[in-house]
Structures are given as structure tokens and as C-alpha cells.
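For reference, the chain that follows is the form predicted alone, supplied as C-alpha cells.
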């Protein structure tokens, strides 16, 4: 039974009919009433831009917020490899059900059946939508859309636009958004950061935002609020995410009552450029698509001194092909990353810091020729050469695991509404579809599907009960309280006058998390991490330095707020990982593994989503459990061998 606090609102009926049944019975809002209703959408990436454009097209009045100077700079632009859809263009046995099962299995059977099936069901519509927008997907010679494979599947269902699929999809969503801006149905607030969520009568009714150019604190009211602010992988400091990516919007909503689900489930991507020195603040993603034609290996001898091209085949260990022959180099991300760490920890790492493995295209270049490889991955090879000075057509790339994606996020029900009425979370901001590990090319899919095809139905269903509610009064006392708290926090950062920057605290936190709550976790390590994070948070309050003031452009002040939130999120991540005495997906507890080092699930005790509730004490959150009920699929041992 579900707890009363966690009503998932999953529709009745067969798995393949749940979404259609929901749409048949969802309440609607009359077109004349839609223009009276205001919606705030925070974030302009793929989920935020698609949601804002779709809702405005329906006739709602939308306010769209982003901290970047233009919606086009949202981090969705950085996604490279592709977007999944169950079109079965390759006639290789794909189907909606197979895609659903691959996703469920890829997440180690730690997600809801109904939400995961809906993701696969809506996938085909996204490709049609993107084509209509002019997204330049790769095509076969005859004009058909081309597909390739990604990790964790044995079919080709990934549609792509070279190595810049996220950028092209975002441009499609952006043009839809700007069309509505010009039509004055969307009011765009660029260079604005959400500081707090405002609740009136236990419903989300607005936000407090800061104009990052002037420092002005603003109040914005609405009938509903949508958070589309992405994930919190940047908490590790060194990650593939943009420097500005943060957890603040979802965390401040959490502190107002929105449950945070499975925060310890974070993905470490297996193909990133390795760290080259202590000065770095960011790592560069190299698309998973490269694993279609690239072979991953390390030297068998940990004392190997020869250049990669001089090492003969018999002295190379193609460890993914050896350990996972069914999937080889396209093993799921969590497995591929742990396998790389295993080789690096064994002393077989390559590069100046011995922290990487080789990704080798020599066989593919011989088989297909340079022109074909260039057509498939040319911009990625160019990017690699610009950064490293190495021509990957001539010698193997060096790659290494890096923090990338957060499967955890705000808890949402089937309608994508959080535990706060009127507050919705979409895309990577929620925990909805991926379980304990996301399959490659499902991130862009979820972001688009949530914004284009799901939220317009579910949000309308909620707003149908709000049509008689007057426009939100931003002079309400709850806005006064929220604004005063925001000003107090900003003033506190500025007046601490310590000696350590927010950046320094973030770097220290990132190291602690990566070592103890990253690819591998243990009870002892997590307990030590919690102790160290509490000390770091205490020091942050007394030794932070933020130059300048609040009434101007002040990036250090912005960082201070984000790092303050990270110091609380980090502890919850460790608490979440510590209470889950099992290994599943990206959550790998050293105490719970099979004889050959694979994750060992405990379905009897841990087949649930952990939904954490804020208690005002970051060290003592309250745990609510949403049982994962499998009506249509029986969880099995997740094997890719």
C-alpha cells in the first residue's frame, strides 16, 4: 500500500492503456478561461522551453525564467549523442514494450512501471515533433532517418544530429518559445534566478527571484509553478555540467515541503575527458555514441611505457568486451564507469595522471574508412583535438568517468506534481523515469516528453479546479515573509567576511562526495562523509567571503547561495545512500556485491523510492517510502554478460 503522503495517482487498467485512459478522463480548461490563468516555468532547457511554448500555445499566460542571458544557453545545449524513440526503423525487433523494459532494467528495476512505460510510449511522437520543427537529424542515403545504438540495449533506436543533438533539439524548442514571446503569451525573464518558492494555503502560488544584472529582488505570482531546472551533478564540482548548473530551485522547494526522492542516485558518465590538473573546474563530455565504433581498453601490464599504437593486441585488455560479451563496449553507463574505475584503481590507468583508459577507433577506421567515421563523429573528434592536441584518427582517445546526471530529484506523482499542490517538476528536476541508472539518450527524451506531451494534460487537469481562483496577490504576507528570508540570507553571505570563497568550499565538497558517495560507497565512508560535510557547512557559515554587494552583478554572491544549498543536498545524498543497504544501478555499496563484483539488489527490503521530507534540521530528514509495485514485469538479476 502507498502511504497517504505518496499518492502516485497511477491510473487503473493495463500498462499500455494507462496514459490513454488518463487523457480520456483528465479535466480540461475552457479556452476562454486559459487566458485568465498564469503559470510560472523556471528553466528554459528542453523541458522548460517545451513546456512554456506548449502551455502558451494552449492559451495560458506564462512567465518563463532562466539565469542565463538567453534560453539558448540552457545546459540541454551540451547533450551530444542522441534521443531515443521506439520507431523500429531498423526492423531489428524494437517496440514500445522493449524500450520500456530496457529502461526499467537499465534502472535496475527501481522506477515505476507506469511512468517508464509512458516515456517509451510517447517517444515516437517526439521525433515527429522535432522533424516538424526542422531538427536536422542524420539521414540515410535514401532520406530515411538514421539510427544508432546506445548503452544497455541491443537495438538501434537513437536518433541523432551528429554530436550536437541537444543543441538542435533546444533550438527547435527555443523557436517555439520565442514565437510565444512575440505573441505576448510568454513573458521571458532572462538573467533571473529563483530564490524561493511561495506557498499560500499550502499551494504553490509564486516565486521570489533575483535580477542578476541589477540585484533587485522581485515577486512573481501564478496559479501554478513548474520547475524545469535540471539536475545537480555539479555538486561534485568536477563534472560534465556547465558551471552555473545547480540544485537551488529544487532544494528551496524541498525546504518548503516538496519531497526529495533518491538523491544519492547520481550517474557517473564513462566517457569524459580526464582531469589534467588541480586547476580544472569542469570536465568535458565525450558522447556515449563513440562507444558504437570505439573499443575501450587498457594495457595488461600496469608498468606499460609504450605509446598506445605500439602496444600489440595481445598486450591489450578490452575489458568490457571480456566481461560483458553480449553488450561489449555498449554496456550501461554505471557498469562501464565502475569497470573503468576498477582498471584505474588496479594501476592500469593511462595518461600523465594514470587516470584514464583508451577509446580506440583503429578497427572502425579500417572497416569503414575515415570519411564515414568523420561523418558520424567529426565534431567530437574536432573538439577532442582542440582540447588535447591529439588527433584521434591517428591514436586512441583517453577517457575517464565523470559526474554527469542525477536520477534523483523532486518526488512527483504520475501527473508530475510534487508533494506540494500546484508545484510541478519536469525533466531532470524530478526523479520520475530512470530508476537507479539512466540509459544513454533517454535524458533528452524525458525532457521533451515531459514538456511537450505530458505536462499540458496533467497541469490542465490541476488548473481546472483553479479557474475561479483570483490572480495571486504578490502583496500577500507569504510573499513578505519569503522575500525577507531571501534578503536575510544574501546579507548573511555578504557580512560573514571570512577568508574562503564559495568556490573553495565547493571544490572541497566535491572531492569528499566523489571519494565517498560517487562510483563506490561504503558504510564507513558515508558516515565519515556526513561528519566532514557537517564540519564544512559549519565552517561555511563562519568563514565564507563574498566580495561586492547585492545591488549589482555579483557572481560570487550567486555561487554562495548555490554552494550553501549543495552543502545540505550533499548530506542528504549520503544519508540516502547510507540507509539503502543494497547495491542497485549507480548506487554501488561495497558491502553488497556478487562474487564477481556486480551490484547485488535486495528486492525484499529496498524495492521502494525513498522520498525525503525536510524537518528544518538537514541532518535529520524524515523518510517516506513509495513501494515499487511490479504488476507487469518481474524484476530479475540485471545482467549484461
Partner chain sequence: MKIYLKIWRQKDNLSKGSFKDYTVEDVNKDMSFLEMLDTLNLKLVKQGERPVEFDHDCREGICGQCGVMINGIAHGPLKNTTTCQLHMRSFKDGDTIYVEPFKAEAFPIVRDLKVDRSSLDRIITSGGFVSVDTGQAPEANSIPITYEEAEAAFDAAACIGCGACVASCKNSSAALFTGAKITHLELLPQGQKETHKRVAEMVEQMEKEGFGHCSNTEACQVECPENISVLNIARMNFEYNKSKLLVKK
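Because the structure is predicted, anything quoted here is derived from the model rather than measured. Residue numbers count along the first chain shown, from 1.
The same protein has a further form, the form predicted together with its partner chain, not shown here; the description that follows concerns it.
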Practice problem: Consider the chain as shown here, without its partner, and state which of 339, 122, 350, 383 has a heavy atom within 4.5 Å of its partner chain in the predicted complex. | Solution: 383
Self-check item: Among the candidates 215, 548, 308, 328, the residue which, in the predicted complex, approaches its partner chain to within 4.5 Å (heavy atoms)
Solution: 548
Quiz item: Does at least one non-hydrogen atom of residue 504 fall within 4.5 angstroms of its partner chain in the predicted complex?
Solution: yes
Quiz item: Taking 4.5 angstroms as the cut-off for heavy atoms, does residue 209 touch its partner chain in the predicted complex?
Solution: no
Quiz item: With a 4.5 Å heavy atom cut-off, would you call residue 71 a contact of its partner chain in the predicted complex?
Solution: yes
Quiz item: Is residue 75 close enough to touch its partner chain in the predicted complex, meaning at least one heavy atom pair within 4.5 Å?
Solution: yes
Quiz item: Quick one: in the predicted complex, does every one of 14, 200 and 578 get a heavy atom within 4.5 Å of its partner chain?
Solution: no
Exercise. Choose one stretch from 600-608, 25-33, 584-592, 63-71: the one whose residues place a heavy atom within 4.5 angstroms of its partner chain in the predicted complex.
Key: 63-71
Self-check item: Sequence-ordered residues of 119-151 touching its partner chain in the predicted complex, heavy atom within 4.5 Å
Solution: 127, 128, 129, 131, 132, 133, 134, 136, 137, 139, 140, 141, 142, 143, 144, 145, 146
